[in-house]
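In the block that follows, a single chain appears as structure tokens, in the form predicted on its own.
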Amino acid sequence: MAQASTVDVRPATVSRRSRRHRANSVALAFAAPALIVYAAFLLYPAIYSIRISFTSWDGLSPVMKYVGLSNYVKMFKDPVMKTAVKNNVIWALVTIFAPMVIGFALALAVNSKVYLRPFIRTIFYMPAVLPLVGVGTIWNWLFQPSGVINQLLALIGLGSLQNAWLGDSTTAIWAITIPACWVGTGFPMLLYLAALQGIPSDYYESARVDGASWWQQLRYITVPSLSAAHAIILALSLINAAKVFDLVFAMTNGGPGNATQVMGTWMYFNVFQSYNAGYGTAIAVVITIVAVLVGIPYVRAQAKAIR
């Protein structure tokens, strides 16, 4: 009886490995320029910043004095840092949920058949593309003691509510969140609008046949169908709230006193005005860690959605 012949699969396996190796090499060659730029302008500065955060350095002298974790311990004793963290929390709570709610309401409004709908969408989204320094300058003028807001209050008989909004330590941080919400509403509106248009109309038709009211359709169809949009907006808004800088710097410069300091502005003042680069960089590292920790759940959720 003839013995069954055995087929040597090793050459085919080697060939597949060789092709895979060549494909990986080609991919790496195309990605190399971007990786070099990434390493030179992002990875290396990040690692170098972490090194600076463990030193006592003025940002100018060639000598850095290693101080270990002293800069990080100092944050727990720094009263201005405590104010900055509290203001970041206030900023996050106001500038995340208010734009989400307003943006959702606007998306529902412009998603219906209204006159001049494209123009209305553009008007609502326009503040989102304005430079934040320019926005801060405009609203700084509006909030002045003799500005438009106080004049309007006097005009409608509420002159007793007039205030130096940006000069009062109890109202300054809340006043700054108003232009932040004005600017930040456009992006949630646009994202919600895109998600609303992706909901099949059959869902609503079936619900209307079953006698569901507008509120029930909103609660049981619209809101659950926007879960992905909720997650994206919440994650990106949290990251932006952690690294807020522009509006605060443009409108109050951290004042009055240090009442409106946030972590971003306090980092800037330490590095560029107090020449305490070690402590300021430590604050920057903490801001980065917070932003990364906030962003990880969002990235993981998006990766699962893609798979």
Partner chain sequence: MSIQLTRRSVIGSLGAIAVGAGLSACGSSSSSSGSSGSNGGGKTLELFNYDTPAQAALTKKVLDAYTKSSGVSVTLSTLPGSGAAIYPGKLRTQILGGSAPDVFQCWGGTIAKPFVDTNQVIPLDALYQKYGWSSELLPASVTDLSYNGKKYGVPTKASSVGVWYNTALLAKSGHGVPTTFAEVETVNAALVKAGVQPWLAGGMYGWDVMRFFEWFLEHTAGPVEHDKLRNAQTSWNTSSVVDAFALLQKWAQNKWLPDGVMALDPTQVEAQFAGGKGAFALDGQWIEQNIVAAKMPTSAYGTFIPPTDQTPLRYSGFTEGLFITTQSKDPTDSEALIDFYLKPSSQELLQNAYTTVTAVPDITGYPGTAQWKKWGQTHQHYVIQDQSLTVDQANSYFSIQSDVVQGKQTPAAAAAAMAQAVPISS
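A quick note: this is a predicted structure, and the numbers were derived from the prediction, not measured. Numbering follows the first chain given and starts at 1.
Quick note: we don't show the form predicted together with the partner chain, though the next part is all about it.
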query: Per-stretch contact check against the partner chain in the model of the complex, the hit in 180-188, 230-238, 209-217, 167-175 (non-hydrogen atom, 4.5 angstroms); finding: 167-175
query: Residue among P145, P200, G159, P224 with a heavy atom within 4.5 Å of the partner chain in the model of the complex; finding: P145
query: 4.5 Å heavy atom contact, V271 to the partner chain in the model of the complex; finding: yes
query: Contact test in the model of the complex: W141 vs the partner chain, heavy atoms, 4.5 Å; finding: yes
query: S70, heavy atom within 4.5 angstroms of the partner chain in the model of the complex; finding: no
query: Non-hydrogen atom contact M251 with the partner chain in the model of the complex at 4.5 angstroms; finding: yes
